[in-house]
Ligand code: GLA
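First, one chain by itself in structure tokens, the form predicted on its own.
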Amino acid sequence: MPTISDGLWAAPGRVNLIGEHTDYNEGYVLPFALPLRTYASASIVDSPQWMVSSEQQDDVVSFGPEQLTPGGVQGWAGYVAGIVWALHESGYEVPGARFALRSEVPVGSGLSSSAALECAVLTALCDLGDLDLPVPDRPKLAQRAENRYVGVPSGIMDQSASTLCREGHALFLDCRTLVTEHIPFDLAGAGLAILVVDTRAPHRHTDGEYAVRRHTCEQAAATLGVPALRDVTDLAGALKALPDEVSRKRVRHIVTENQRVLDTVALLRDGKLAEIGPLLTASHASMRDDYEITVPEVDTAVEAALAAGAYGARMTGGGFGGCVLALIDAPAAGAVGDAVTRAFADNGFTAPASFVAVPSGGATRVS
């Protein structure tokens, strides 16, 4: 990749073990960071200008203070501009800089390539400018960049995972209080593995479906008179109080998904890794039937993995495409991957890709 002299920073993509669409409902999530990273080689320049190139893009994008308004830079470079904007809005003196980017995180696969980009750039700018932004506060700033500047109404999970995760652990995050706990997740020690299957079905958050579901949840919370769906304690009563079937289905997913996260954390604390499998599968069924965010490719991948012996499997990410994860015996990775590939061929789908995901660390300076 092109080298820029002042340093090299990296931030990972993530897999969400369980807890889908609970983050913007102030609930619980349990992601872990991937070894796949976005790298940002960066150096300071002598003026308030920012220049960005990427191995994955043909264009070089430059912007200055006049573009530091939401939407001022469009496309992939908007995530970089959003970080500069959010830092500036928070009162930091952001140094001008040149960035050369390279990413191992597949774009559009539900592995949070956007958060990896944001957090790599944010980490670089904090170091280059000696900015006093504590690491625990960085996910909130990166989320603000994505929400307000780029215009994607994401929760805080992705940026938290990309910044805060530790090797060998999953990150238990309370999305209301932002309190975190690093939960040991020693798959290898238990003879297990997480197989991630990229279904190659395009993953899109900006087509409006994500925003529609968020709005439905917010309206349901208002109808129920609670700050967020995380506060629903009587599910049966809540379902009776809601006026339409769509709202009832969305609320049922969020409430039951929060409980599945808590149950998964309890099992992992007790070292019962294989026993989380049914919770993963139940999560997928809820996303398919109640939240209605799966597509035939991800449903097929889950079914094939389970038929091939996985302890549990589910779609991971915002939905409408993307990746599936399966909890398997480590030696079975090849066989389960092959079973999914055969099922895709039988259904006429584009061939998937798969890899074993190892829980990894968060954003850092590399050199």
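Residues carry their position along the shown sequence, with the first being 1. Just so it is clear, the model here is predicted, and its values are computed rather than measured.
Same protein, other form: the form predicted together with alpha-D-galactopyranose (GLA), not shown, and the subject of what follows.
- Between the options A124, A142, L117, M157, the residue in contact with alpha-D-galactopyranose (GLA) in the model of the complex by a heavy atom within 4.5 angstroms is M157.
- Out of the listed residues G312, G337, G27, G318, G318 is the one that sits within 4.5 Å of alpha-D-galactopyranose (GLA) in the model of the complex by at least one heavy atom.
- Residues within 4.5 angstroms of alpha-D-galactopyranose (GLA) in the model of the complex, judged by any non-hydrogen atom, belong to 148 to 156 and to none of the other stretches in 181 to 189, 148 to 156, 194 to 202, 80 to 88.
- Within 4.5 Å of some heavy atom of alpha-D-galactopyranose (GLA) in the model of the complex lies at least one heavy atom of Y210.
- Residue contact check for P352: none of its heavy atoms lie within 4.5 Å of alpha-D-galactopyranose (GLA) in the model of the complex.
- In the model of the complex, E20, H21, D23, Y24 are the residues of 20 to 41 with at least one heavy atom within 4.5 Å of alpha-D-galactopyranose (GLA), listed from first to last.
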